[in-house]
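To begin, one chain is listed below as structure tokens, in the form predicted on its own.
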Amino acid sequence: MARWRPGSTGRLQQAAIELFTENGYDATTVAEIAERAGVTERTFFRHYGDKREVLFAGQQEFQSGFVDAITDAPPGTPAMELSARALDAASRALQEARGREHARARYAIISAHAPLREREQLKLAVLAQAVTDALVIRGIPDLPAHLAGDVVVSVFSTAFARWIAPGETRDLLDLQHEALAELANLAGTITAA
């Protein structure tokens, strides 16, 4: 087996998804993932601390897609427009990098294991805080920034679940825009007590 070959990270991720899907997460070993990817276990551990990390690789880049869109927006952009820009940028990157089938397989694996679901929820909580922090840095007051951070995660999660649903063919961006429009309609019907 080669000591090092380019593309190890991608091959490890693909091998892990395939094996988790075929054999189950708990029954799959790091050794099996490495073998399927054509690398050594040592190479696996150079990239990931454990097999769980394969499913959460790229978390920082994913979060940066949201934050960078907020940071790079023109001065004076309102909070909800910043949120929409963040959603669009991150969704484009997600679709290009992974694709729907990979996302479906990953989600099925995570959904079947409580500790992985907890990790996914933590990832989303960290994302909401990162979006909130980016909005505050842009001068958005604390309350609207927190609400917008939570809205971004809620809209993303809702659109993502619809995007990976069996038979769904619409683009993730379209599903997010639909969710944002529905949220605006809903907000328009709320009256203060």
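Bear in mind the structure is a predicted one, so any value in this text is a computation, not a measurement. Position 1 is the first residue in the sequence shown; the rest follow in order.
The same protein also has a form predicted in complex with a further copy of the same chain, omitted here; what follows describes it.
Options 41-49, 146-154, 28-36, 61-69; stretch whose heavy atom lies within 4.5 Å of a further copy of the same chain in the predicted complex: This holds for exactly one stretch, 146-154.
Just checking whether Leu180 would be counted as a contact of a further copy of the same chain in the predicted complex - the rule being heavy atoms within 4.5 angstroms. Result yes; Leu180 sits at the interface with a further copy of the same chain in the predicted complex.
Can you check whether Gln121 is within 4.5 Å of a further copy of the same chain in the predicted complex, heavy atom basis? Answer yes; at least one heavy atom of Gln121 falls within 4.5 Å of a further copy of the same chain in the predicted complex.
With the cut-off set at 4.5 Å between non-hydrogen atoms, does Arg162 touch a further copy of the same chain in the predicted complex? It does: once a further copy of the same chain is placed as it appears in the predicted complex, Arg162 has a heavy atom within 4.5 Å of it.
With the partner left out of view, is Ile137 within 4.5 angstroms of a further copy of the same chain in the predicted complex by any non-hydrogen atom? Taking the distances in the predicted complex, the answer for Ile137 is no, it never comes within 4.5 Å of a further copy of the same chain.
Out of Ile109, Ala93, Ala103, Ala79, which one falls within 4.5 Å of a further copy of the same chain in the predicted complex, going by heavy atoms? The residue in contact is Ala79.
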